[in-house]
Ligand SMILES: C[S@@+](CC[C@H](N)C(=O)[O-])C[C@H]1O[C@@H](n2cnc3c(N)ncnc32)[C@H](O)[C@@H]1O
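In structure tokens, one chain follows: the form predicted alone.
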Amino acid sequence: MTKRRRRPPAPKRTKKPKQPKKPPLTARTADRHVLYQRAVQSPEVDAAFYARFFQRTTGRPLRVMREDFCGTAVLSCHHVRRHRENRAIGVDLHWPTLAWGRIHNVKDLLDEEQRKRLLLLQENVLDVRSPKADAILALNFSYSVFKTRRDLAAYVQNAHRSLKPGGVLFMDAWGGPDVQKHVVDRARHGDFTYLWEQRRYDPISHEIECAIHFEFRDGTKMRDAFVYEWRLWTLAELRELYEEAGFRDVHVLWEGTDSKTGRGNGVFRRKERGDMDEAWIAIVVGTKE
């Protein structure tokens, strides 16, 4: 008969103190920038995507990234965190939004060393040319504030001057017949609902007005949390502006479609011909000589 080993006495279980429940979000208590970052942005995914694409395209790592129209600079913060040699430059004209980013996003960086690798500039993106960047990102269609070809051409040309040799400019774009209609898209995000409204589109000027709203479980609503008055630019126009500014290998990354939902699947591939989608998102890419 074999002796059974005696098990060590089980540690005493202590009850964990209950964490106080967070009060439910309401239109009065919610922060619009927090809601925007949760509903619209995926900074960790985006930082990885652009770093991976840049490495594959140029053969070198993306170290200095400039985020134009950076808003709260959450993407810049994630780029800094990815590698100890990464630096980011965030440029935006709107001081209150930049200040919010400093208070809420920059503070989440690991230490002072990481913060030193982040430069936030309250400047016009048409004027900033240094420090030179490996890549410039103009995302969330923010460049659409430029409503004339002359102004957008000036931006693309300035981006070209601001890049190091071999640097890359990324600008996302959107379009399709659905974009030209009055539409309200809804998406649930846990304790709130995100609404994207396309209010008005003028086929002559290509000017478009859109708004973001938020709704909460208690029935309250945050109307017009963000309002955009843009020009809807075509991919053909953007490619021409890139080429006129001196970019080479100008091409389009087209987002694929999820067969189950009919929505974008987040996978972007280089294409010479787009699909006849009701709504699409793409990224225009160009490299400086």
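Throughout, we count residues from 1 along the sequence that is shown. Remember, it's a predicted structure, so these values are computed and weren't measured experimentally.
There is another form of the same protein, the form predicted together with the named molecule; it is not shown, and what comes next is about it.
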{"property": "Selected contact from 123, 207, 113, 108, since only one has a non-hydrogen atom within 4.5 angstroms of the named molecule in the model of the complex", "result": "123"}
{"property": "In the model of the complex, the residue from 161, 149, 94, 84 that sits within 4.5 Å of the named molecule by heavy atoms", "result": "94"}
{"property": "Listed range touching the named molecule, judged in the model of the complex by heavy atoms within 4.5 Å, from 174 to 182, 68 to 76, 100 to 108, 215 to 223", "result": "68 to 76"}
{"property": "Residue 145 within 4.5 Å of the named molecule in the model of the complex, heavy atoms", "result": "yes"}
{"property": "Any non-hydrogen atom of residue 26 within 4.5 angstroms of the named molecule in the model of the complex", "result": "no"}
{"property": "In the model of the complex, residue 36 touching the named molecule (heavy atom, 4.5 Å)", "result": "yes"}
{"property": "Residue 139 within 4.5 Å of the named molecule in the model of the complex, heavy atoms", "result": "yes"}
